[in-house]
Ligand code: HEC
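First, one chain by itself: the form predicted on its own, in C-alpha cells.
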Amino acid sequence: MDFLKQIALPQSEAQIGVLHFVLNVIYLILLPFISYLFGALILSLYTNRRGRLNGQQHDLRFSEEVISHILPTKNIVVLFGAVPFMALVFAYAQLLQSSTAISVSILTWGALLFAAAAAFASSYQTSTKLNGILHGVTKSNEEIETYRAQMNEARRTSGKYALLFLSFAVYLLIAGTSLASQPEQWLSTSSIVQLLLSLDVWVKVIQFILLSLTIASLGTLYFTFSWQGGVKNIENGYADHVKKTALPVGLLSLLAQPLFVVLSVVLLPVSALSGLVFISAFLVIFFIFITSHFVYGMLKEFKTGFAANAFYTLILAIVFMVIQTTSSLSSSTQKHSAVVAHQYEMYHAELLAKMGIGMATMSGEEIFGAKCSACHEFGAKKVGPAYKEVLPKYENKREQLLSFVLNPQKINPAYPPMPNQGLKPAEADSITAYIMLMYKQAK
C-alpha cells in the first residue's frame, strides 16, 4: 500500500504546515466519532445480551438508543468516519513521502477495515431499530416470529462483526500514527507484527478504549436528558436505568484516563517532545478532572445541566488530545519535513529550468563568505567550533547536516547556539555540499 507515498506530490515548507493544520481538523472529526461508535457498540452489545438473558426491556431499549445516538442515519458513518479516515491516510502519505515508514500502509488497511466495520454497524443499527419495533407488536403468528428470529440473528451477527472489524481498524490507526511519530523506528519496523509488542501502542489502545466508554456513556446521558430538552415524557424507571448503567461506566473510565495520558507522553521519543505537547497533556488531565467532577455530581444529585457540562468538557479534553498527537508528530518529523521541503525546492527548480526560467540563489562559496565565515573556520575555533571537529560525524550523512543547517539546534554546550540563517533549501544544499567538499580537500 506504499504506492500512496510514491504518488504523493512534493510539498513546500508552507504546504507541510498546512498539512499539519489539516491533520488537526481531521482528527477533531474522526477521533470523537470513532471513539463514540466503539464505546456505543460495546455498551449496546452488552446491554442487549443482558436484556435478552434477563428479559429486561429497559436494557433492550438502552441497547437500541445508545447506538442510535451516534448513528441516527447511515450517512453519518460515511461523513464523520470513512471520509476523515481516508483523508487522514492521504495526509500521512504526503507527510511521510520518500520515508521508509510503513505507517501509510498500516493506515490504509485500517481505513479498509473501518469501511467494513461501518457497513456492519449500519446493519446493526437498522436491525436493532426493527427489533424494537417488533417488540411493540402484540399479535403473533408464524411469519412474525420467523421475521423476529431473523432480525435477532442479523442483529447479533452484524453487531459482533462491527465491533471486531472496528477493533482491528482502531488498532491499525493507533499503530500507524504511533510509528509515524517515531522516526528512529522507521528502518527497523518492516511489519505490523513488530508493533504488537510496542508498549507505546498498547498504552494508546487502552487509553482509546477508556475514552470510548467515557464518551459513549456521557453521550447517552447528554442525548437522553439534555439535548434539545431531553427525551420527552421519559418514564422514571427507564430514566433511572440509564443513570445506573451509564454513570458508573463513565466515572470509572474517566478516573483511569490520567494515568494513560501521562504514560503516552513518557513513552514518546525525545524528538517528539515539545512545550506544546506537555501543555496539551496537562490540559487533557485538567478537563478530565472537571468532567469527573460533573459525573460525580450526577451520582450524588442528578441534574440535567451536569450531563451537558460533562459532555462538553470531555470534548475539550479530546481537542487537547488531538493537539498533543499532532504536536508530537510535527516535532518528531521536523528533520524529515526539512528533507521533503528540500526535495520540493529541487523539483521546483528543475521544473523552472525546463521552462527556461532561472531562480537566483547564492552559491555555497558565497553563502560561506556572507554568513558562515564570521563564526566558523575549517581549522580553528572562532565563535563556533572548527569544521574539522564537527564534520567527521556527518560523512555519508548529508541529509542530517542539511537538516541541521535548515533548523539549527544547540548541541555543544561549549558554544552558543547557531542562529537560523533563513536559507532556502536549495541554498542549504549548496552550503552543505561546499563545506563537505572543502573538508574532504583539507583532509
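Throughout, rigid core stands for the largest set of C-alpha atoms superposing within 1.5 Å between the two forms. From 1 onward, residues are counted along the sequence shown. A quick note: this is a predicted structure, and the numbers were derived from the prediction, not measured.
Here the subject shifts to the form predicted in complex with the ligand, a form of this protein not shown in this document.
Asks: Taking the ligand as it sits in the predicted bound form, is C372 in contact with it (heavy atom to heavy atom, 4.5 Å or less)?
Replies: Residue-level check for C372: yes, a contact with the ligand.
Asks: Is there a non-hydrogen atom of N412 within 4.5 angstroms of a non-hydrogen atom of the ligand in the predicted bound form?
Replies: The answer is yes: N412 has a heavy atom within 4.5 Å of the ligand.
Asks: Would L423 count as touching the ligand in the predicted bound form under a 4.5 Å heavy atom rule?
Replies: Yes, L423 sits close enough to the ligand in the predicted bound form that at least one of its heavy atoms falls within 4.5 Å.
Asks: Going by a heavy atom distance of 4.5 Å, is F404 a contact of the ligand in the predicted bound form?
Replies: It does: once the ligand is placed as it appears in the predicted bound form, F404 has a heavy atom within 4.5 Å of it.
Asks: Exactly one residue in M418, L45, L60, L28 has a non-hydrogen atom within 4.5 Å of the ligand in the predicted bound form; which is it?
Replies: By the 4.5 Å criterion, the partner-contacting residue is M418.
Asks: Counting only heavy atoms and a 4.5 Å cut-off, does the ligand in the predicted bound form sit next to every one of V383, I431 and I435?
Replies: Every listed residue reaches the ligand in the predicted bound form, so yes.
Asks: Looking at 66 to 74, 393 to 401, 51 to 59, 36 to 44, which stretch has residues with any non-hydrogen atom within 4.5 Å of the ligand in the predicted bound form?
Replies: One stretch meets the cut-off, namely 393 to 401.
Asks: Tell me, please, whether between the shown form and the other one the C-alpha of L401 is shifted by 2 Å or more, with the rigid core used for superposition.
Replies: L401: C-alpha displaced by 2 Å or more between the shown form and the other one.
Asks: Inspect the rigid-core superposition and answer whether the C-alpha of Q15 shifts by 2 angstroms or more between the shown form and the other one.
Replies: No, shifts by less than 2 Å.
Asks: Answer yes if the Cα of K381 shifts by 2 angstroms or more between the shown form and the other one on a rigid-core superposition, and no otherwise.
Replies: The answer is yes, as the C-alpha of K381 shifts between the shown form and the other one by 2 Å or more after core alignment.
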